[in-house]
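One chain comes next, on its own, written out as structure tokens in the form predicted on its own.
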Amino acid sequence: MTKLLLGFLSVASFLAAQPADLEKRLADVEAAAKAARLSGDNAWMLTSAALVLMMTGPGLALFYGGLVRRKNVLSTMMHSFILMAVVTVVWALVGYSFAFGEGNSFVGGMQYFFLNGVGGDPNGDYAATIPHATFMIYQLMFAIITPALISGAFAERIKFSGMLLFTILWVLVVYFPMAHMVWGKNGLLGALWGQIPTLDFAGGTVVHITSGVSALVCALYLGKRRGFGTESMRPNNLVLSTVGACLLWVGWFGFNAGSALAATSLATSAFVTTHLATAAAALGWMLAEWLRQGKPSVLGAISGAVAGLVAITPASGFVKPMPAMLIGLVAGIVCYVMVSVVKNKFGYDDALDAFGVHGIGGTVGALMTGVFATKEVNDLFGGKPMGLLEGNAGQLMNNAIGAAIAWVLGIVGTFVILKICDAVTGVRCEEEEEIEGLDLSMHGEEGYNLEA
């Protein structure tokens, strides 16, 4: 009763206030609400940044580490770990500016070199309710995982020094320009200001197509692992890979829902579509494998989940739940066919299926985004139709062009970079180093000490 009386007196006092006093109180309430929103958005985005970093280490490190042979587990996990350091330094020095600085249609300018001007004030061009530094660090996590995905193609046979040089050149030549074209101000493929508006909510084109296609080029350039097709190359520890896949699934909510750049209903929509697509893809791959091979494998189920996560990435902030499930289902089946049928037919050694899952899954997702995007989820074009089913057939074409540009840049850029690396450091390890295993030959350590 006392609390009710106090509340009544507070309301009465508020209503009895003089106009000037009332205006001040309203302004204070509005300022408090704005501060609460800014704080909530910043908390969500810092959490999302941490989730995306978790996708690389431990997520991808465990996922890839469990899939290689015992003698290469540490070296494979090292790829994911060390790129967390290497890409961070390159990003802070020049990368963020090349990706998100004001430049031309293809690459950003130099105004953010050494993170100059990137501080606590928001950058209204990208995210008006969070500090510029928060946006920068969130985008860094995308830059870290993208080249780490490529490492699945050249696992068990690349020189460590060659891998480091390759990564530095690759993010400079491929990733930063592609990120600018799709997400940067005045970028060629920007959905709001580009000449060819491409819908890519969280990186299907920027992250997965570029990394997946580049992975195929790496696999072809380095050649097959010694003993490929004649020796057993079974995973050393599927338990690690399963844990890694689970961490990827959880971390991907930061990847996709975080790309709303605020704690809003759009973030919720991306969260929901991400989860539903992943579930459908895991079932799609598992069922296709079950029907064709007679047993549903754990490796197949977790690979299907990753394929679904990849495919829904560009669509997550543009589509409704049921189309999201369809995207996941299609991706699970298509990626299974690529990995189990097409790869075997052509005989290339994409060791951990980076191309079959990320390159193909990203392309499927990019195209289906152009079909199912709807203004009911994200009215990005101000009331105009978004995707093919809403009457905007041109969007499917734009997304196809965006995907094609990512393919061309990934293929050409990666081939040139590999040539440079081969001349400077070499990229393929020596035969005896590969036979011994990269854990010992590259790092002088073993993942499993059988004598302990």
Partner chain sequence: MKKIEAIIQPHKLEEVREALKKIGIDGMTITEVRGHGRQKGHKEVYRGMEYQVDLLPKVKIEMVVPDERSAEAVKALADAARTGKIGDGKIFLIDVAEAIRIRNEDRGEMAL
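Computed from a predicted model, the values in this text were never measured in an experiment. Numbering follows the first chain given and starts at 1.
Unshown form predicted in complex with its partner chain; subsequent notes refer to it.
Check for me: heavy atom within 4.5 Å of its partner chain in the predicted bound form, for each of L67, N344 and L352, yes or no.
Contact check passed for all of L67, N344 and L352.
Tell me, out of F81, F228, F106, Y126, which residue has a non-hydrogen atom within 4.5 angstroms of its partner chain in the predicted bound form.
After the contact test, the surviving option is F228.
If you check S265, Q293, N116, Q195 against its partner chain in the predicted bound form, which one has a heavy atom within 4.5 Å?
Answer to the contact question: Q293.
I'd like to know whether N186 contacts its partner chain in the predicted bound form, with contact meaning heavy atoms within 4.5 angstroms.
Taking the distances in the predicted bound form, the answer for N186 is no, it never comes within 4.5 Å of its partner chain.
Give a yes/no on whether P131 approaches its partner chain to within 4.5 Å in the predicted bound form, heavy atoms considered.
No, P131 sits far enough from its partner chain in the predicted bound form that none of its heavy atoms falls within 4.5 Å.
If we define contact as a non-hydrogen atom of the residue within 4.5 angstroms of the partner, is S340 a contact of its partner chain in the predicted bound form?
Yes, contact at 4.5 Å.
With the cut-off set at 4.5 Å between non-hydrogen atoms, does P235 touch its partner chain in the predicted bound form?
Within the cut-off, so yes.
Only one of 117-125, 199-207, 173-181, 344-352 has heavy atoms within 4.5 Å of its partner chain in the predicted bound form; I'd like to know which.
Every other range fails; the passing one is 344-352.
Stretch 294-322: residues contacting its partner chain in the predicted bound form, 4.5 Å heavy atom cut-off:
The stretch 294-322, when checked against its partner chain in the predicted bound form, contributes L299, S303 at the 4.5 Å heavy-atom cut-off.
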